[in-house]
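Shown here is one chain on its own, the form predicted on its own, set out as C-alpha cells.
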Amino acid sequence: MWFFTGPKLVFGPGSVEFLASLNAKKALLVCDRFLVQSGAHGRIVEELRKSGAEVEVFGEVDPEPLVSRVLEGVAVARNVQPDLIVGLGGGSAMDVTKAIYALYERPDLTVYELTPLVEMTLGKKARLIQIPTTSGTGSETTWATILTEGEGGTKLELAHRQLIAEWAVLDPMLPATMPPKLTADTGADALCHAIESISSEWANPFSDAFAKEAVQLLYRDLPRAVKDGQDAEARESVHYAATMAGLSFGNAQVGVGHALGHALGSVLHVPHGRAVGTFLPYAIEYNFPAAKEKFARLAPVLGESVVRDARELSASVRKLWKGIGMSGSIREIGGITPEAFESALPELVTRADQSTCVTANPRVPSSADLKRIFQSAWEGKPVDF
C-alpha cells in the first residue's frame, strides 16, 4: 500500500487573487529580502488584506537558509499568532515557511524532529499556503524542507507529511521577471526532480505520470523561457512543469544527483539548481545499469533510441544544458579552483554519503563511487563504471 499526497492547486495568470477568499484574521507572509526590497511581495499583501486579514511580513529568508533564521521566524509567528501562514518565493522561502509553520504549531518540537519518525498533527492553529515565484524547486508541493546548520554547515534534509501545504498557488505571472540564468538554474532543478524520480526505487504509476509530463514540457519550453522571459506561454508551461516534477519527486524521491548537489552547494557554495543540474548527466550514467527499465518509461517523450542507451540519454540532457547555458562540469561552474576542489573532495564525499537522497536511488553508491562521480563531474568525463 502506498500514498500519493500533495496540496490542492489553484493555477493560472492572476491566481493570487484566490488569497482574497481565504477569510484569514491574521496572516504571516514569509519571503526573502529581495521580494521585500523590490516590493514584489506587495501584491500578495494586498490580496491577503482583501480577505480582511492583518498581515505581518517576515522577509528575512536567505539563500541556503540557516536553522537560526527559522527560529527568528518562529519567534515572529508566536508573537503574531497567525491563522494563516503563507510562503512566497523560491525553494528557500517555502522551506523556511514549512519549518516555521511546524514549530509554531508544535512549540515542543525542535527543527531536528521534523522527520517521519515523529508523530504530529498540524493545522490546529493555522493554514499553510505556498506560492512559488520561481519555476523549479517544487517545494510548494512537497513534504521536505532543506535547511543549513550554521554557516558552511551540513544541509539538513528534513521531511514530514504534515508539512504539505493546504494550497499551492501557481501564478505564472510571478516568475516572469526571472533573469535567464535563474530561469535556467531553477528549470534544471525541475528536470532533475522529474528524471531522478523516474529512476527512484519508490517510483509509482502516479509519480511517473507527472514526471513524464514535466520532462516533456521542460525539454520543449525551458529553452524558450530562458531565451525570452516575456514568452508567456513558455513561462506558464515551465511553471506548471516544475510543480508536476515536485509532485513526482515528493511522492517518489530524488537520487544521487541531489546528494552530490547538496554536498557541492553546502561546501563550495554553488546555487542549488546549478549544482544538481551539473550532476544530472553523471547521475544518469551511474544509475543506468540498475534502472534501464525505469528510464525506458521516458521513451514516449524522448524516443526509444535515446532512453535505451546511457550515453544517448545523458547526451540529450547535455544538449539541453548547452542550449540554456547550464554548466556541463563542476569546472565550468566557475569560481572553484582545482586546488579548492581537491581540498574539499573528502568533505564532499562524506556529505554526499550521509545524504538521505540516496535512500531510494536505484544503485547504492559507495564512498568510492561518490568520489569517482565527483571526479568525473569535475573533469567533464562520462561515468563509465
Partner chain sequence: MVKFPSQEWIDQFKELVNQNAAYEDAARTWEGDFIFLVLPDGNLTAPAAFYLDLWHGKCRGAQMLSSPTEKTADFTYEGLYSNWKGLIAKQIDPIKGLLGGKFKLRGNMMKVMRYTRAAKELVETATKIPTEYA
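Residue numbers count along the first chain shown, from 1. Keep in mind that this is a model prediction, so the values were computed, not measured.
If you look for the form predicted together with its partner chain, you will not find it shown, but the lines that follow are about it.
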Item to check | E332: touches its partner chain in the model of the complex, heavy atom cutoff 4.5 angstroms | outcome: no
Checklist entry - Taking heavy atoms only, is A144 within 4.5 angstroms of its partner chain in the model of the complex? => result no
Checklist entry - Are any of the heavy atoms in T115 no more than 4.5 Å from a heavy atom of its partner chain in the model of the complex? => result yes
Next on the checklist: When the contact criterion is heavy atoms within 4.5 Å, does S316 count as touching its partner chain in the model of the complex?
Outcome noted: no
Checklist entry - Pick from 35-43, 347-355, 316-324, 57-65: which stretch has a heavy atom within 4.5 Å of its partner chain in the model of the complex? => result 347-355
Next on the checklist: I have K212, Y219 and I284 flagged as a candidate spot, so tell me whether each of them has a non-hydrogen atom within 4.5 Å of its partner chain in the model of the complex.
Outcome noted: no
Item to check | Residues within stretch 1-24 having a non-hydrogen atom within 4.5 Å of its partner chain in the model of the complex | outcome: M1, W2, F3
